[in-house]
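Given next, in structure tokens, is a single chain: the form predicted alone.
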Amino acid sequence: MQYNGGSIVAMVGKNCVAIASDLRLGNQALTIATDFEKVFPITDRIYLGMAGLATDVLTLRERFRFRVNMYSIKEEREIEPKTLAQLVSSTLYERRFGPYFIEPIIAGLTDSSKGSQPFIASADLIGCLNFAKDFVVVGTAEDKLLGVAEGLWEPDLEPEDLFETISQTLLNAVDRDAFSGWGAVVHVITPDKVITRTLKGRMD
């Protein structure tokens, strides 16, 4: 889980949700690349982040893309975030005796009678889900992310405030972790658009 490094955080706002990851790909302490994205769009309103072994991240990216496409064809509708979380969980649990070394985060907006509701969840490497109402974190800077997020996050943040909060959380946490960093990418998902921004971080 620590071999390639990397950290991801997702946060809930007011009718919006944000997910951010660092961009480092390492071989333990050796940095190999500074543009390795760990967060992928599943639909227009759902993003999936995976921290852990880079080869498994790329393998599962394709596997989840295939399974989501199959779901869309069979059900004739887009997958919902909660359904995707169960799909991710069952996919990881299938391989529990020789697991994929990744920890996923699902962030998205669900359609309900009350309008768009933010949804976030994370899982461990064998698919044990953790649903949250505030924020979830995974990766090598997990402990630091939790500490900073608890200090900065507030309920009902507007999209711009949520962007600022998640950005400060990630950048400050990865500065204290040798296996994460080298910039970040942030996706803020709102009912009508997704705002994606790339941040510069410390390069040392």
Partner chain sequence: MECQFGLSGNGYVLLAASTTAVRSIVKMKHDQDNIKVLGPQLIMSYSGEPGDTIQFAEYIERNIRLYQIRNFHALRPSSAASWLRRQLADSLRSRNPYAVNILLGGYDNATSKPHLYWMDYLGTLTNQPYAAQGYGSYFVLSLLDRYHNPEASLEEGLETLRRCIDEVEKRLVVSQGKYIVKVVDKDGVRVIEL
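Everything numeric here is computed off the predicted structure, so don't read it as measured data. Numbering follows the first chain given and starts at 1.
In what follows, reference is made to the form predicted in complex with its partner chain, a form of this protein that is not presented.
- No residue in the set Q86, A121 and F131 has a non-hydrogen atom no more than 4.5 Å from its partner chain in the predicted complex.
- Although the partner is absent here, T59 is a contact residue: one of its heavy atoms lies within 4.5 angstroms of its partner chain in the predicted complex.
- A residue is said to contact a partner when one of its heavy atoms sits within 4.5 Å of a partner heavy atom; F101 meets this definition for its partner chain in the predicted complex.
- Among heavy atoms of V185, none comes within 4.5 Å of its partner chain in the predicted complex.
- Proximity of D35 to its partner chain in the predicted complex falls within the 4.5 Å heavy atom cutoff.
- None of V39, V68, L53, L157 but one reaches within 4.5 angstroms of its partner chain in the predicted complex through a heavy atom, and that residue is L53.
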